[in-house]
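A single chain comes next, written as structure tokens; it is the form predicted on its own.
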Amino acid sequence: MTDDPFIRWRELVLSAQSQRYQPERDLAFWQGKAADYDDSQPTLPNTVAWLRDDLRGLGSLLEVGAGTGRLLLPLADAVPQVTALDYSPEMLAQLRAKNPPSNVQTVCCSLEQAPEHVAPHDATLAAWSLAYQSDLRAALDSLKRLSRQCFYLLEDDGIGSPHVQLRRAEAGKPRPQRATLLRQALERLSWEFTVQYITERREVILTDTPALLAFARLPLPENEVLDALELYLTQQGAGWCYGWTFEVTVLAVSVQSAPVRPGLGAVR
């Protein structure tokens, strides 16, 4: 196995059975997902709080892959000028339907097109939005061009929810470890960055055991699913509260053409 994180990232992207590295497939996915996307995603209060604190004093923020604005909108009152960029019209329509504040503008284009359509912002945010970018070096270069002072990469190493971990194990699939690959890529480029690990918690209320089984989608008998998830389940009448913690990796990258801000020095 190569130790080049850019090659390993490309191999990971191109191994996806969904083939969402093809723009037409990815756009079709988001077209079908947009309406109920927010319901399927956890809130990230601790991550939002950390970002709000780190963005203090900056004048503008761009999120690449902003989607429905679930992360960007809670940050909108922390920065005077905010731009939500996404190449899915349906996802941006969901964001606009939330009546965002007047300092939020939306731009519909891809990351590759962004430097031609969007002026650089003080900070840029890319949260889980590089997963199907096969050319990681080009994607990072674009983020750097879009950023005057810093940009943030939010990812994880595929630990996530217990049922997804079990599903991967049953299928014999390794964890994607995207956060680790991003860190290694930044180290290979010798870019200045810091790493922050933020713990979040998610709870899902399920009305009964069939609803739990449908949510987990594990290829196991009912009793084995309940045994495997026992540590994360609290019975509520006929239903269940399914709760777990997960870790968000925040890579805060200093753009070298600008003075290094406090907290954005070289990783230790």
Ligand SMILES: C[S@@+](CC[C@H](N)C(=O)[O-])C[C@H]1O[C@@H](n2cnc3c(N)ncnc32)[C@H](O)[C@@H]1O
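Please read these numbers as outputs of a predicted model, since none were measured by experiment. Note that residue numbering follows the sequence shown and begins at 1.
Omitted from view is the form predicted together with this ligand, to which the following refers.
Heavy atoms within 4.5 Å of this ligand in the model of the complex are found in exactly one of 50 to 58, 23 to 31, 213 to 221, 226 to 234, that being 23 to 31. When you look in the model of the complex, the only residue of L85, L153, A123, V82 with a non-hydrogen atom within 4.5 Å of this ligand is L85. Proximity to this ligand in the model of the complex, defined as a heavy atom within 4.5 Å, holds among T106, S142, Q133, Q149 only for Q133. Taking the partner from the other structure, this ligand in the model of the complex has a heavy atom within 4.5 Å of a heavy atom of L111. At least one heavy atom of W128 is located within 4.5 Å of this ligand in the model of the complex. Under a 4.5 angstroms non-hydrogen atom cutoff, this ligand in the model of the complex has A66 among its neighbouring residues. Remark: A185 does not count among the residues lining this ligand in the model of the complex, judged by a heavy atom distance of 4.5 Å or less.
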